[in-house]
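Quick setup: one chain, the form predicted alone, written in structure tokens, and binding and motion questions come after.
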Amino acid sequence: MGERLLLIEDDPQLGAQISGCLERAGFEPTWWTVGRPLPPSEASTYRLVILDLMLPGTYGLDILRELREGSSDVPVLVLSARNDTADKVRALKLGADDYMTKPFWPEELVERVRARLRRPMLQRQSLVEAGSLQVDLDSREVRVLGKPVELTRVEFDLLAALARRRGASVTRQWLAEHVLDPEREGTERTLDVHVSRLRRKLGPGKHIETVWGIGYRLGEGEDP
């Protein structure tokens, strides 16, 4: 059996085309033609969600928002006719992993799905490696070029949050809300200070990349 994907697309012709394309590529798609809430427990039965935005029933971005607020990390690829930059940024800020606009080539969609699925397989491992950086999520140990790096609790949680979604952009708002103590230091400005300190401790190389207008992501430690 192929990997299970959830397709949420109300256009019957396009939905059938996408579903058939995914099946021929070896996936096992489930197709919803209306929008409705997707509880994290149900989302966890899928490896990836392909999400249209303008749906009958629950709006696509509301599905995405509730999914992330429920702490689901299932990858979400937004597939929409809305091609405004503001829509793309909003979707990425809400936690989308990718955004494709219609019309599109089915071959590109399949390859984007495959690219997204390769990353979560690495993230589920305890040890995340990105270039010279190693992050052990279970033992909370960090090494660069094999040498241990001492981090504070907040610094490690920040790095771990990025490592668990390796390659994906994580918004400053999400990081501030989920990593920092909201009663003491829960602002995005404070988050930036912790990122700056973390970068210095990790040393040269772009281990933490800035995604302008959105937030941060784990890099491969390439030269800045």
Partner chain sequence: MKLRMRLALTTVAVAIPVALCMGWIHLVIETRAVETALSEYALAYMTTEARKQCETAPETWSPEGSRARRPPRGPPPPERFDRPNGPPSGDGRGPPPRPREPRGNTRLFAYGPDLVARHPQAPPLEPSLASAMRQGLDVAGRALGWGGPNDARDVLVRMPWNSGPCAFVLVRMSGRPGPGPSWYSPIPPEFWLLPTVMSLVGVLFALGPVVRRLRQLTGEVKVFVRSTYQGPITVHGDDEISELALAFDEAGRAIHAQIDLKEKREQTLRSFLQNTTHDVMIPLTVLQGHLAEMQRRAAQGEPVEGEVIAAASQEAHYMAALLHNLGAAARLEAGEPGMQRARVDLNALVGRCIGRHRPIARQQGVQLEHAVPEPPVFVLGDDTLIEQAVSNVIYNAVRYNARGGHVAVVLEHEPGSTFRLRVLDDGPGIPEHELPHILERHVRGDAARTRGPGGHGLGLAIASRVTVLHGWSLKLGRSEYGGLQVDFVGEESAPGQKDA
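Between two forms, the rigid core is the largest collection of C-alphas that superpose within 1.5 Å. Here the structure is a predicted model, which means the values were calculated and not measured. Numbering follows the first chain given and starts at 1.
One more form of this protein exists, namely the form predicted in complex with its partner chain; it is left out here, but the text below deals with it.
Checking 143, 114, 140, 102 for any heavy atom within 4.5 Å of its partner chain in the predicted complex turns up a single hit: 102.
Although the partner is absent here, residue 107 sits close enough that one of its heavy atoms falls within 4.5 Å of its partner chain in the predicted complex. At a distance threshold of 4.5 angstroms between non-hydrogen atoms, residue 126 is out of contact with its partner chain in the predicted complex. The closest heavy atom approach of residue 4 to its partner chain in the predicted complex falls outside 4.5 Å. Taking non-hydrogen atoms only, residue 21 never approaches its partner chain to within 4.5 angstroms in the predicted complex. Of the candidate stretches 33-41, 194-202, 164-172, 60-68, only 164-172 has residues with heavy atoms within 4.5 Å of its partner chain in the predicted complex. Here residue 213 counts as shifted, since its C-alpha moves by at least 2 Å between the shown form and the other one after the core is aligned.
Fitting the two forms on the rigid core leaves the C-alpha of residue 42 displaced by under 2 angstroms between the shown form and the other one.
After superposition on the rigid core, displacement of the C-alpha of residue 32 between the shown form and the other one stays below 2 Å.
Annotation for the pair residue 38/residue 164: C-alpha atoms recede from each other in the predicted complex, by 3 Å or more compared with this form. CA of residue 170 to CA of residue 35: farther apart by 3 Å or more in the predicted complex than in the shown form.
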